[in-house]
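You are given C-alpha cells for the same protein chain in two forms, set apart as structure 1 and structure 2.
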Structure 1
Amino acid sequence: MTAVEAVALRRTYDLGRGRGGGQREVVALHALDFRVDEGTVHGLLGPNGAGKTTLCKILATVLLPTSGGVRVFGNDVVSRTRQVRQSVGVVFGGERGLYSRLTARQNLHYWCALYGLPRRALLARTEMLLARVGLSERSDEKVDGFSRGMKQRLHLARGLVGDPRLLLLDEPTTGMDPVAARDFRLLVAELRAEGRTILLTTHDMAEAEAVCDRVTLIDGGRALATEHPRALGALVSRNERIEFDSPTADALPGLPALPGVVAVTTLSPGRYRVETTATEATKAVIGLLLDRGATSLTTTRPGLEEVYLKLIGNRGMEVGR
C-alpha cells in the first residue's frame, strides 16, 4: 500500500504587492510528484529552501496545498483532514515542542491529555512510552536538565502518543553525539520493524544511507530523483573504483593505458584509486594489481554525499526550510 502520494503538488507563499503593483509570490513546491511506500523509511534531502519542511507541514495538515493532490493512506489532506491527523505523528529536531520546566512524565501526560486519552489509558501509555525510549529512570527530572539525545528521545515519545502509522522526523539527530544518534537510529529501525512508515528529513548523508530504504533528492520544490541510496550513485557515475595500497609506485606503470581505465589517482602516500568504466576492466585491473603485490583492495561506487553535490551543488548541505 502507498502511505504517501503527492501528485502535481504546488505550494506558494504570497509576499504581497511589489513596487510595480504586481503580486509577488514564492513557490515552495512546484508540481511535485512524490510517493512513500508503507512500512518503509524514506529519506528527504535537499538544501535550504528546497521545500522539505513545507512538504512535511502539508502532510501534517498544518499547511494546505495551493494546488495538486496529497493523500496519506488514501485520505486526502484537505477533505479528510481528521483521518490524516489520526495517522500522523511529528517529531521535531532541536528544542521545539518541549516544556523544559516540566518533567518528562508531565510532558507526556499533557500530550496524552491533548489526544483525549482517559486517565487510566493516559497513565499506562505514558509509562509504556517512557520505557520504550529509555527514559523511565529519568522520568521525574525536569527536561531542561536533559542532554540533547534525551530530549530527542522524548520528542520521539511525543510523536508516538497517538500510535501513528506515519512518523515525520524533521532532522531528528541534529546536534546529537555519535552514541545518541546511533541509539536513535536503532529506535527508528525498531519502529520500521513494527510496520510503521517513516519520512526522515535529514542532511546527514551517513544517516540516510544507514537507515533509509529510499531517498528523494529535492531542490527548488521539485523531486530530482528517488532511489535506494546506493542506486543513486548510478545517476552520477557508472564508474567502478578500485582503491588499494602499494608501498611503492611499482603497481602504477601501465594502469592508465589499460582498456576501460579512465583515471588513476593518488589518495595519500601509498594509497591509490583506479576508476574504470566496465566490470571487465575492473577485473583486469584487480588481476594486475594482485600480480604486482598491491594490498587492501576494495571496490566502491559514488556515495550519497557525492550524488548530492553533483545533482544539487554546494548550495548548502544543511537543514532545508
Structure 2
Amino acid sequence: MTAVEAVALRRTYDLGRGRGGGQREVVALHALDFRVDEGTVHGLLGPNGAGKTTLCKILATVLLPTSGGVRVFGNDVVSRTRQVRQSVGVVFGGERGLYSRLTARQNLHYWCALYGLPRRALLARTEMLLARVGLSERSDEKVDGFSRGMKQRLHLARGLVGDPRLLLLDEPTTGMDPVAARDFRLLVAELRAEGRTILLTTHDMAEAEAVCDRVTLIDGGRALATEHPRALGALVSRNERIEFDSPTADALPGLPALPGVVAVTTLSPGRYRVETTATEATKAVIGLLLDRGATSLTTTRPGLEEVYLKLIGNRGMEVGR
C-alpha cells in the first residue's frame, strides 16, 4: 500500500505586501510529486529551505496545501484530517515542543491522553515508551533540566504516543552525539520491523545511507530524484571505480590505455582512482594493479554525498534552520 502520495503539491507562504504594494510570496513546494511505500524508511534529503519541513507539516495536517492533492494511507489530508491525525505521529526538529515545567512522564501522559487512550493503556504506553527511548531512569525529572539529546529522545517518544502507522521525523538527529545517533538508528530499524512507515528528513547523508530504504533528493520545493541510496549513485555516474594506493606511482603506467578505462585521477598524493565502464574491464584493472603491488584496493560507487553535491551543489550543508 502507499503510505504517502502527493500529486502536484504546491505550498506558498504569504509575506504580506512588498514595498511596491504587490503581494509577495515564497514558494516552498513547487508541484511536488512524491510517494512513500508502506513499511519503508524513506529519507528526504535536501539543503535548508528545500521545503522538507513544509512537507512534513502538511502530512501532519498542521499546514494546508495551497493546491494539489496529498493522501496518507488513502486519506486526503484536507477532507479526512481526523483519520490522518489518527495514523500519523510527528517529531518536529529542535528542542521546543515539550512542557518544560513538567516531568518526562507527565509530558507523555498528556500527549497519550490526546490520542484518546484510556487510563490504564495510557500508563502502560508511557512506561513502554520511556523504556524504549532510554529515559525510564530520568522520567520524574523536569524536562527543563534535560540535555538536548534527552529532549530529542523524549520528542521521539512523544511522536510514538499515538502508535502511528506513519512516523514523520524532521531532522531528528541534528546535534545528537554519535552514541545517541547510533541508538537512534537502532530504534528506526526496530520501528520499521514493526511495520511502521518512516519519513525522515535530514542533512546527514551518512544517516540517510545507513537507515533509508529510499531517498528523495529535494531542492527548491521540487523532488529531483527518488532512489535506493546506493542506486542514486547511478545518477551521477554509471562507471565502476577502483581506488588504490601506490606511493611510488609504479602501478600507473599504461592504465589509461586499457580497454574500458575512462579515467584515472589522483585523489591525494599516492592514492588514485580508475573509472571503468564495465565489470570485465574492472577485473582486468584489478588484476594488473595487484601484479604491480598496489595496496588498499577498493571498488566504490558514487556515494550519496557526491550525488548530492552534483545535483544540488555545494550549499546549504550547514546544520541550522
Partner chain sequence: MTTVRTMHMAELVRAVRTFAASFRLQCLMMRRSPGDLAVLVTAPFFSLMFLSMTEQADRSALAPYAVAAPVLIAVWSMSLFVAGDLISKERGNGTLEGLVATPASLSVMVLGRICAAVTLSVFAFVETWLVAWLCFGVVVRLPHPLALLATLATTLLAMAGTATMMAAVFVLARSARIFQNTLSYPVYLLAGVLVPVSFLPGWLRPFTRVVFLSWCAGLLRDSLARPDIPDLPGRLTAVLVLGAAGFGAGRLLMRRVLWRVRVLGTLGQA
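Basically, rigid core = biggest C-alpha set you can superpose within 1.5 Å across the two forms. Residue numbering: sequential along structure 1, first residue numbered 1. Bear in mind that the values here come from a model prediction, so they are computed numbers and not experimental data.
- Two forms of the same chain are shown on their own. Structure 1 is the form predicted on its own.
- Once the rigid core is used as the reference frame, the Cα position of residue 210 differs between structures 1 and 2 by less than 2 Å.
- Taking 2 Å as the criterion, residue 136 does not count as shifted between structures 1 and 2: its C-alpha moves by less than this amount when the rigid core is aligned.
- Once you line up the core between structures 1 and 2, the Cα of residue 271 ends up 2 Å or more from where it was.
- Comparison between structures 1 and 2 places the CA of residue 119 2.8 angstrom away from its other position, after core fitting.
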